[in-house]
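One chain follows as structure tokens, the form predicted on its own.
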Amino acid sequence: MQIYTLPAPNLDPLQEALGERYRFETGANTLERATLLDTFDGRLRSAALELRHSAQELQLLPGRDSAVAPRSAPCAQPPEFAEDLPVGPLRDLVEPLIEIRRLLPVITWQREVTSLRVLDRRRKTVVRGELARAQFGGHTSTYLEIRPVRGYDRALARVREALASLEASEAETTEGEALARATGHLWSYDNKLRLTLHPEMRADLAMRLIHLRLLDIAEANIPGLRRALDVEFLHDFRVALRKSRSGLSQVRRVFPEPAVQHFKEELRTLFRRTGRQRDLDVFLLSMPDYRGALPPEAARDLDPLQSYLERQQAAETKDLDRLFRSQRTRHTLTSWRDYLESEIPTRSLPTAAQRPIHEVARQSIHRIWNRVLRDGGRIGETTEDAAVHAVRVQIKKLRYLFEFFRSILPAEAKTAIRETKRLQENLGRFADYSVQQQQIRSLASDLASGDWSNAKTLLAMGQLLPQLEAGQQYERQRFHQTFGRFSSAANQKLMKGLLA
């Protein structure tokens, strides 16, 4: 299948270019409304796919360079989450891409669609296709979709030649994306920093750019988290705040200390106020795994727990909405932006403010790198969980620094970044098992003291603890392997070269 953007609103110029050997024959004409669906972070667009809902049908259409074949399935209403997708090949492809994110309408447009065939002189169908006139926001485009018929490659080539002679371009993007882009409705959210810093840039200017980008990411997620569209809005918001706090702590003597302490505390307060909601989100996301770890009868006993968590989550969502409507929160974010966008002072600057960012970056990375090597090397079989968690915090800070300064580090840094990521993931799973055990014990206490305590539910929750403890122990054992790779002589030699 190929899609072309036609310069004319009809097929007359194309028919003239084809000559008398081939003729177009049009068929049924339909008028429909189509809705382009994608996640807030554009996961389907990144995969060169368009998910379109129209006329009670869901269509998955590939972009120009996609190797995916078109797929369709009956679907009465636009789906919101992966579990709403019709079971079948379309879902099998889309579900791993969108994961837990909600499908949101990007645009809804009118489509006038005419089926067509290209006939040869014997009135044999040699090419099939569809002519679509799309209208949205005062913008109209005409698209021709052509599909080959087996055994008629020469006819298909002739149609392509005729299209080329008319300067009809093969569509660079899908129909919905083209309309959204042309009318300014295409989302541009990205949770990556994607900054290109100059190595000799002043450190205070570079860090302002980094913090401003993180603030943009945080604020872009506020409407979605207030509406509880999906759990990733709050997650991305909190990660952006955590990175900002880490940058203020680890890249030192770049901003005045009073400002650093003030904004660290303000961001820390906001971060903590959103923690309860995130804990509930993570627990509910883990419920399918918890159920799968129990016998079917015991898995059903977790139903009261899920209902309890969902009620708590709904209450927290309302509290979050109030939090982000509050004057305190608005002032925190506004004052932080005002500070970052304010004129850089030329006097009374901190000692590292005017130094080149590559010097400050290397010193910051070197300090945390050595701390991880020292503290991680002390972890043994009997080391308390708190010490393991402390190493996790340090490795996370190191990962953030790599992310901040990736554009000014040599290409060889990707090896060290990869080992850092592997160690962080190992310690992250260790922490998840630890937190889940704490949450289950705490929730069991809450349920046991409530008016509707259920003995079977408490027993099922108790059955989960040994499995979580075993998972945590497994990750502790894996730590020695992952830390061994991280602290290997080869990796240390590489880091010394990077940070020289």
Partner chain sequence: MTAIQKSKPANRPPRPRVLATYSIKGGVGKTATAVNLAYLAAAQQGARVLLWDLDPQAASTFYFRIKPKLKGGVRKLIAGGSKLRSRIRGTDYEGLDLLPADFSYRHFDLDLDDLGKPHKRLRKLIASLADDYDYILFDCAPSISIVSESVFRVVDTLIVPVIPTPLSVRTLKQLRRHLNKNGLSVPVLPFYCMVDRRKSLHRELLSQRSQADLEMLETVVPYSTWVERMGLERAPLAEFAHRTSAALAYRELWWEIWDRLQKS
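Here, rigid core means the biggest group of C-alpha atoms that superpose within 1.5 Å across both forms. Positions refer to the first chain, counted from 1. From a predicted model like this one, the values you see are computed outputs, not experimental measurements.
Omitted from view is the form predicted together with its partner chain, to which the following refers.
Checked against its partner chain in the model of the complex, the residues Gly377, Pro296, Pro258, Gly151 give one hit for a heavy atom within 4.5 Å, which is Gly151.
Just one of Ile344, Ala386, Ala314, Leu285 comes within 4.5 Å of its partner chain in the model of the complex, counting any heavy atom, and that one is Leu285.
With its partner chain omitted here, the record of contacts in the model of the complex names 83 to 91 of 133 to 141, 169 to 177, 271 to 279, 83 to 91, defined by a heavy atom within 4.5 Å. Within this chain, Gly27 is remote from the site of its partner chain in the model of the complex, having no heavy atom within 4.5 Å. Its partner chain in the model of the complex is approached by Tyr433, whose closest heavy atom lies within 4.5 angstroms of it. Shown alone here, Pro105 lies farther than 4.5 Å from its partner chain in the model of the complex, counting heavy atoms only. Arg117 belongs to the set of residues with a heavy atom inside 4.5 Å of its partner chain in the model of the complex. Contact residues in stretch 322 to 358 (any heavy atom within 4.5 Å of its partner chain, taken in the model of the complex) are absent; none meets the cut-off. Superposed on the core, the two forms barely differ at Arg374: its CA moves less than 2 Å between the shown form and the other one. Comparing the forms between the shown form and the other one, the C-alpha position of Val126 differs by 2 angstroms or more, with the core used for superposition. Once the rigid core is overlaid between the shown form and the other one, Arg291 does not reach a Cα shift of 2 Å, moving by less than that.
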